[in-house]
Every structure is written in C-alpha cells, then in structure tokens.
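First, one chain by itself in structure tokens, the form predicted alone.
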Amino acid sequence: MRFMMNKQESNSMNNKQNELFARFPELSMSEIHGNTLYLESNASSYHTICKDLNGQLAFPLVSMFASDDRERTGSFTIHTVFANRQSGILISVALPVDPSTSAFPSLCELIPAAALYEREIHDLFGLRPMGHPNPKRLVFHGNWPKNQYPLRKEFPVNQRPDFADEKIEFTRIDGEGVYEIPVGPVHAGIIEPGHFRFSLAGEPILNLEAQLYFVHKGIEKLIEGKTIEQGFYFSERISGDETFTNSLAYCQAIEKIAGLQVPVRASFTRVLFAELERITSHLGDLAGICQDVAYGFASYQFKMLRGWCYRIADELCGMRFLRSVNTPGGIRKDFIQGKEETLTKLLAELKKELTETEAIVMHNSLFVDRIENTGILKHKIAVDLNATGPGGRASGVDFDVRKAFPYEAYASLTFEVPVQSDGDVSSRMKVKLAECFQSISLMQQVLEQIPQGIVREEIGILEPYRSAYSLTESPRGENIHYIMTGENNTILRYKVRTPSFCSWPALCHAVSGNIVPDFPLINKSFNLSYAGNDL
C-alpha cells in the first residue's frame, strides 16, 4: 500500500510551514515530506533561525550532520534538525557551505547540544564551526593524520591513512589536592572500550571527561553506494543490543522514501519485537545495577528473567539478537502465526516473576538507600543535552517517540510513559522497571489484536536523491536515522544519531559530586552504548 497523507495532516503541515515562513522571512525554499519540513537558510540568517527555533519555540536540537553535495550543488550542506514534539513534526534546516571557506557559524554557545555534533562534522568533513569554544577532535584520536576527512566523497573507502602521533589534551582542573584518575580504554570486565579521565579533590569527583570512538566502524562511509538491501545489514550491526530498533528505523526511512505503508500485520509484529528488545535490555541493566552494589539475589533474578526473554526470542525467530526479522517493506516471514498460545503463557510467567521480584527488591531499605540520591542528572541539563529515554524520563523529561511520533501499531495500543523527577539511580531503575511492565502489556495486546494478512510489500525502485528521517524509541531513547538515496537503488548518505550520542555527556554531569566507586553504578543505570556511539 502506498503511503498518502490525509487532507487534515496535509493542512496541518502546510499551516506549520506558513507559520515558520511568517516568522522567518529569510527562509528561501521548503519541502514537505511526511512529518518533516525541509527548510533552507543562508549564512546570515542561519544563526537567528536556529536560535529562535530552539530558544523561543523550545524545539530541541535532535540531530546535526553534514553531507558532501559538491557534485550536485557545488557545496557541502549542514543539516540542523529540530523537533516540534507537541505536533510530531521535524524541522530540518539546511545550510549550504562554500567549499572555498569550509566554515559555518557555530551554534553551541546558544545550543549546548550542538557542541558534539559540530566537532563530529569537523572531524569527518573538515568543515570548521566558527566560534566553537572547544573544537577538540571528537571521533579521531592522536593517531589520525590531520587534513584527512573520510566522509568527503573523494576519500577512498579502502584507504588506510598513515599513523600520526599527536597527544590528546584533556580538560585540566588545577587546585590544592586535585588529582586525576585515568580509567580505560581497556576495562576489567568484558565490555567495550572507553577512556574516562576523572579529576578529584579527595573522594568527590570534580570533573569527568569521556574519550570514546575506540570502536569506530566507519558505517556511514561503508554504506555509501551500497544497495538498499545491503544497507539494511549495516543498520542491524550498529549496536548489538539494539539490532531491531536500528533496523526498524532504517526500514521506516526507506519505506517513507518509497511512499509505502507496510501491512498492518507487519506493523503489529514490529511492535512485539521492539518491546521484546526493550525489556531484554532493561532487565540486563537492572541486573547490572544490583550486581554493582553486591545485591546478588536481585541481580540473578533479573538475569534469569532476561534469560526468559531469550526463550521468547528463540520461540519467535531463533535469534536472540533479533537479526533478519525486519526487511524494507515489512518483515521477512510471519513469525507469530501458530505461536500465540505459547507466547501468551511465557509472557504471563514473566510478568508474575517480575512482579514478585520488584516487590522484594524495591522494599530492601539497604539497597534503596544505596541508589537514592546517587548520580543525579538535573532536569535542565537533561533538556539542554537532549537526554531522552529512561535516562531523560528519570529526570522529568516527559517524552517518548512512540507517543510524540507514533509509528507502526503503537497508536492502536494502550500504554503509559513512566516518568520520575529525582534524576538519580533509583529513578532510572524505577522507570526501567515500569517500562518492563508496559512492554509486557504491549506484547500481550499485540497477540490479542494482531489481524491476519500479509507481512511484506515490495519496495520497488526508489527515486534517486530523495531523503527521509525516521524516528524510533530504542531501549535507550530517541533514535534518528536519515537516508538519501543515490542512483540505481543505492544509498548516497546515511546518518544515524543514537540516544547514546546525546546521553554520554549527560552521564559525565551526573557523576559530578559523587565518588569514584559510584561510577560503575551510575554508568550501569544509564547503560549507554559504545558501539552505538562509535559509528
């Protein structure tokens, strides 16, 4: 079925567009595609437009990236994306950048969340954010040579650059008794690499700076020129424990470009798998929190329940990472047919055991005392950095992509978005526990309401140089994918912004004032992805 906006939705988008043009007469061109307004600014108006969108209209900055469009338009482009979460609309502001100057005005003094994006753009495209107070390298470490920018089209995908030898500078805190503790990138446990530089005065942490990108995979470069089908497999490998939600965002962007609405049975099935991935991730986080305070019983209870989720995944598709379930146009096969009774029984058992476990764990006063007031992320910082998902909701950020930008069958189902306000480890744990119950309820509703029918439509040939954004609510929060098609059903540009990209800086703020032994506990309560950040 081809996707068409109804008259009411079309009128709403046109009204929003007219409001923006009345407010910003400098905007020169626009396009409407689905729930996205594409606007184009120039260097003189860019700063003012972005400032007003973020400041006066309170639209958060949700993504920012560059594209090398020199062959088609003669310039680079900066794409700055804001979200009107009340109306479910994205506003993408394009700024052409002259290759002769390779510079654009920095936003980060007005919009703190822009700082990391601009450093990333500089590393990958060589475009300089003018006025950035700290344009330190973000993606590349001291061994990457200067003046080599891998996302420029002329950079060969198989080029192996010479090693450089540049010292990485970290923020230095001076004062009597202040000292540093470097941790990582290799850690004691079997986890991914990341370097953390603590500055302390006695026990309390004064500052934490994280150096990531030790597992940068070059996905955005590798996918250029690949077919739509090949690109799908890259999306599944962005982050192992968010395989489904990333492949779903990829598929939705492709389907949006194709103007395709997937079959209803496929949209219900996708909700079931997305919620299974969420509860599996949350139970692992809950087990980790309990393990880091030596609460063995609770940790093994949550690990056992996570194992039960793997039983459900095995029953559904025989794959705990949920790979090769999605496909552009729907899902690969009918994974639910004939398994409804077994799945219903497994979900009932899971809910019963989780209810009993929660009652025991959250009434253990010694445990509760350990997690309350630990690792507080303040509401304003969460908003400024666009921290979403359980980490944001535990600090009072009442936002969930499934409600603000409804996709698949979520609009047909009943669920609540748990929100806490204290911003500590306890709040993040409460949010994740409550979300586990919501996920079980959503999966049960899917099994009760899923209609019969086909599960896949053919995508066909996509028009070249068409683009789309897609949002999904991953276990860690707001997930945004952008795709522009090339010739012959290929990918020209693929940009992924996972929630971990926004939340790593939030974690650094949350540990301030705590002691170093609390860091693993606070870190586990966010459970951010290294692989999902190091694209």
Partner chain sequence: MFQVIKKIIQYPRVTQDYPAKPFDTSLTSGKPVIHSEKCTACGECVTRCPSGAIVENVDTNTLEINDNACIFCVLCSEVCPHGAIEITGEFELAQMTYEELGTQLKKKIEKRFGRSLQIREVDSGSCNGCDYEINALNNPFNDIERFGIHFVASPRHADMLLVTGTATRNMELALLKTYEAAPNPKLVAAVGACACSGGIFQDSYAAKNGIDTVLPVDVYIPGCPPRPQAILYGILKAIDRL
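Positions refer to the first chain, counted from 1. A quick note: this is a predicted structure, and the numbers were derived from the prediction, not measured.
The same protein also exists as the form predicted together with its partner chain; that form is not shown, yet it is the one meant from here on.
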| property | result |
| --- | --- |
| The single option of Lys378, Arg128, Lys351, Lys217 touching its partner chain in the model of the complex, heavy atom within 4.5 Å | Lys217 |
| Contacting member of Glu448, Glu109, Asp314, Glu203, with respect to its partner chain in the model of the complex [4.5 Å, heavy atom] | Asp314 |
| Full three-residue contact with its partner chain in the model of the complex, heavy atom 4.5 Å, for Arg197, Asn207 and Pro505 | no |
| Its partner chain contact in the model of the complex: Thr374, any heavy atom under 4.5 Å | no |
| 4.5 angstroms heavy atom contact with its partner chain in the model of the complex for Asp162 | yes |
| In the model of the complex, Asn147 touching its partner chain (heavy atom, 4.5 Å) | no |
| In the model of the complex, His481 touching its partner chain (heavy atom, 4.5 Å) | no |
| Interface stretch in the model of the complex with its partner chain - options 114-122, 150-158, 86-94, 259-267, non-hydrogen atom within 4.5 Å | 150-158 |
| Neighbours of its partner chain in the model of the complex among 180-201 [non-hydrogen atom within 4.5 angstroms] | Pro185, Val186, His187, Ala188, Gly189, Ile190, Ile191, Glu192, Pro193 |
